[in-house]
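Below you will find one chain, with nothing else, as structure tokens; this is the form predicted alone, and questions on how it binds or moves follow later.
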């Protein structure tokens, strides 16, 4: 992949890389990720003619398929990593990118994810974590925060969630990162860094689902003095909760409590 170049305006990016406009719910964070990904793709540049995008089932899986003007595999639920590994074995000359959600990659397909990390299969993986199964009705997933309400845990999730960065690093991933959609410029740079990695690279993208998570957990996202929509309150909450790992190192354990560490980690480093 060549060095970064000037990124064209969003309208030209959509014209160059997309087949159609999106069908995401109003306020969905996945649209922010899509724009950030296209900015990173243009900056590299990433050759869409030599890239295969693989996704499973769910709202996150809809980012590449049917939207990206490239070859896409939209496969069975939880099997995106398995199909991507097969494509990589058959065509190691191509760029293989997986984009899917936490329900698909970390819950139903969690076993495939950890073994791809263990084998360090040269695939770039972007997991859009909106804390539940969005497209199928808002069921609990492996990343739903403890005590958060979902369609299948109406009294609150009793189980602890996966920390996806810890999970893949512990399995052997050489590179992992976490960025929120509330920081789109940092997210775009993080995507670009991951796409430049020569081997397996994993990025957890903290997205938002106002439709299924925000409405049922509205008390978690308090409004300010002026009226604010649920999507805006969720983005503001992400901005407050996320802190770059380097800045967090200077805080006391009490000050770090409840914060979400963001940034990039190498496999040889300690877990975040």
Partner chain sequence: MGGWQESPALLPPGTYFMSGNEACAEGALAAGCRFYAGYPITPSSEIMVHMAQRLPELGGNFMQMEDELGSIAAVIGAAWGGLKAMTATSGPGISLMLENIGYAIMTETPCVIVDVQRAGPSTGQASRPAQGDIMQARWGTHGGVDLIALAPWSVQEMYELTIRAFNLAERFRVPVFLLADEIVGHLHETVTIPPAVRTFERLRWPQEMPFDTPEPDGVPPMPAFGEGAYLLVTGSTHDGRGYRRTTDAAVQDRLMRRLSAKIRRHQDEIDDWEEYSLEDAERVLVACGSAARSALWAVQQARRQGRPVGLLRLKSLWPFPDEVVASRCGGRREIIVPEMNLGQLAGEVRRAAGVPVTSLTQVDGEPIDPRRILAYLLEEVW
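Positions refer to the first chain, counted from 1. Note that the coordinates shown come from a computational prediction; the quantities given were computed from them, not determined experimentally.
Separately, the form predicted together with the partner chain exists; it is not shown, and the next lines address it.
query = Mind checking whether each of 19, 50 and 65 has a heavy atom within 4.5 Å of the partner chain in the predicted bound form?
reply = All three within 4.5 Å in the predicted bound form.
key: Of 184, 161, 86, 156, the one that lies within 4.5 Å of the partner chain in the predicted bound form (heavy atoms)   = Contact check passes for 86.
query = the partner chain isn't shown here, but in the predicted bound form which of 124, 178, 149, 79 has a heavy atom within 4.5 Å of it?
reply = Going through each option in turn, the one that passes is 79.
task = Tell me, yes or no, whether residue 193 is in contact with the partner chain in the predicted bound form, where a contact means a heavy atom of each within 4.5 Å.
result = Judged by the heavy-atom cut-off of 4.5 Å, residue 193 is well away from the partner chain in the predicted bound form.
key: 4.5 Å heavy atom contact, residue 74 and the partner chain in the predicted bound form   = Because a heavy atom of residue 74 falls inside 4.5 Å of the partner chain in the predicted bound form, the answer is yes.
task = Look up in the predicted bound form whether residue 69 has a non-hydrogen atom within 4.5 angstroms of the partner chain, and give yes or no.
result = Within the cut-off, so yes.
request  = Determine whether any heavy atom of residue 115 comes within 4.5 Å of a heavy atom of the partner chain in the predicted bound form, and answer yes or no.
outcome  = Yes, residue 115 sits close enough to the partner chain in the predicted bound form that at least one of its heavy atoms falls within 4.5 Å.
key: Proximity to the partner chain in the predicted bound form (heavy atom, within 4.5 Å), stretch among 125-133, 163-171, 87-95, 198-206   = Careful reading of the contacts points to 87-95.
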